[in-house]
Ligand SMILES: Nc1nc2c(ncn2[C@@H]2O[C@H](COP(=O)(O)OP(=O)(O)O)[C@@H](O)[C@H]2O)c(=O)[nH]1
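Have a look below at one chain only, the form predicted on its own, in structure tokens format.
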């Protein structure tokens, strides 16, 4: 392992298809980390090794590419670009010190570019931009560079310009050192002359770079203003400091697939990107009293590591990925899980490389390592020393928003599904599984359609169990708005002892906040006391599947005021049946209505989509509560029936091209409009007939 100063942790983030995985694969190959140039399209990618990634040809998991370059250890974390796997992006950003936003030179800034930029903003991470695929038809470096200023408020500074364009793209110009490089078929760089017709352009953009950084150093600024030759070391230090502090976002370029610009990119990482000792550390607190604990990215500080990802290796088993934040740790040692309050025994330490592992003996602050078969440690937990305990901030994952009802394809597979999903939850904290007590459905909640599809595919592949999905049932309820009385006599005579029970009751809306109240107003022994609980039991059981559409009944007051009995034939069973039937009759005469769950919805969208989103919400029977700007977004708050929100993750993504996000929270129940209720009742009755 290198010293802390020679470690670089870099997260590659972007819109899907911008070439993050290809860039990481090229870096692995050109640095000598592998003897083959992996390709996503050819299905031999080292980093997209999961079966689902190979099938879909998209990154689903964050994968690590450890690279040795110029005596530096560079840990590249390649993240998914697809919206459904944003949890992987957030975990990777917590484990790295620098984000590289990869942008496709033809498409330019896309929806995913904006989303990952926001994540990096949230973590206050320094970042760089790599404009990729400059050898494609219609690729335009300068168009993309102008878009960066248009979309984002950062101070962008070009460090490189492309040599040639589209199919003639062959190299880069280093603006700092005023040198040009071309690249051979193996990605190797050779210095060459800068074309004469580019010199004006080179001077213009170099001046833009210098303007962005010279103010950090008074001596440099004076030399620059006076037109003197700048000290190369001082200038390099100023640029590096500006990048680490986030004052400047350097813009680099190349073609990951052909290797053009990749070795130069690795040089930039070594020379200008932050070491772990340069990056701000998270606030650590004592697990007992919450007091702040001092940590430092140096080997002799208290040991602390964040478990930022859990994965299952087919040969090694459960693997936990750790970012060592402070101190150092050796393999085959005992540590303390301060999040769970338990000891953990570390086995062999590994450096992960795609699906492979490289054994190491120890890891220092800044290292990214893997350890197998931890018993208690989950994603987001802190590992530290028992003598100097501390807790690091947990990773904040987004709440799942897309729900489906899950049922086994074969009878008896419920336990297999539950067990399999619990295992998958260890790897993926962005989905949940819970049973809806009202609808009796198993509800799987994920980040979107593809996320759910991947979960089900993994369930089948890893645990051999198939599940079917459908839209979740809406937990409607039945209630009344009026008052009614009903009489029912339950009488049967089939030889021997008969059955007899008479019940007369009244139902009405409750007088207080009670959702159900049963009142005994029997006088004179019209119904013996021992049978009154049976009447209530008949009512309560009937309320589980209401008379209107078989949904639970709520918010009713039932008053039992008269009845009759037979000294021989009356029984609990008879009065239970009479109570049930009397309740049904009274309920249907008391202005019965359906109630539906209403959700509080908060939606964040770019302003240009306001009209379309508001129009869609109105079609969904929403009641808009307010709108206000928040940063670059507009926030809409509304109350919307849950029945209208079952596919909203898909709808909002379609309307806003993926730019919109939202949260849902239950608010209250509300009466369903008559025309909607009639349709729901018809569907429920048709279902009963089936």
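Residue numbers count along the first chain shown, from 1. Note that the structure is predicted; figures quoted are calculated from it, not measured.
FYI, the form predicted together with the named molecule isn't displayed, but the following is about it.
Though the named molecule is absent from this view, in the model of the complex it lies within 4.5 Å of a heavy atom of just one residue from 405, 235, 223, 257, which is 257. Site annotation in the model of the complex: the residue of 664, 40, 645, 655 reaching within 4.5 Å of the named molecule with a heavy atom is 40.
For the chain shown alone, residue 672 is not a contact residue for the named molecule in the model of the complex, no non-hydrogen atom being within 4.5 angstroms. Although the partner is absent here, residue 22 sits close enough that one of its heavy atoms falls within 4.5 Å of the named molecule in the model of the complex. Though the partner is left out of this view, residue 160 does not reach within 4.5 Å of the named molecule in the model of the complex, counting heavy atoms only.
For the chain shown alone, residue 133 is a contact residue for the named molecule in the model of the complex, at least one non-hydrogen atom being within 4.5 angstroms. Contact with the named molecule in the model of the complex, defined as any heavy atom within 4.5 Å, is confined among 248-256, 178-186, 503-511, 147-155 to 248-256. Counting a residue when any of its non-hydrogen atoms is within 4.5 Å of the named molecule in the model of the complex, the hits in 10-38 run 14, 15, 16, 17, 18, 19, 20, 21, 22.
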